[in-house]
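Shown below, as structure tokens, is a lone chain in the form predicted on its own; questions about how it binds or moves come after it.
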């Protein structure tokens, strides 16, 4: 099985959901998968690792409908310092929205990067309700889809995949509102405060 380098592009990589998704993928893919966070100071180190892999997997959360800045900075670095042999690229994006299609703009940005810099684009997996699904009874849906995603990469058969919790929008909004109200209360923040522009 060919080696895969998994790059966690989350700004809070060490304690992120993207890290959890990367770990689930690595467990499905096997020992030839390595996970590394993207940080401000390790661009050259990650670039050097690309010389020994055949596949590059970017795992990151959706930030303002786009790619998080730490990952964007690394992509700019890669434009100026490309590896001699470009690995195939796959992408796993998770967002807090119920609809996985909310990831489409960020996914198109990654496809554009690959086209402009001559990286073969392989598979993609868009996860909706990304922060909630791993802590819900529907975790198995995400895990099952990641297993299929890993299999597509291992076999070299590109796929465009998506998954989310099987809830109505109304139910999802009610559940997420309840979660955030309780979360805010733990820190002494009321729902009214969270609904103003003053909260940070």
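All values reported here derive from a predicted model rather than from experimental measurement. Residue numbers count along the first chain shown, from 1.
Keep in mind that the form predicted together with a small molecule is not shown, yet the notes after this line are about it.
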Looking in the predicted complex, is the small molecule within 4.5 angstroms of a heavy atom from every one of 12, 65 and 96? yes
Going by heavy atoms within 4.5 Å, which of 26-34, 47-55, 152-160, 127-135 lines up against the small molecule in the predicted complex? 127-135
Does residue 70 make contact with the small molecule in the predicted complex, using a 4.5 Å heavy atom cut-off? no
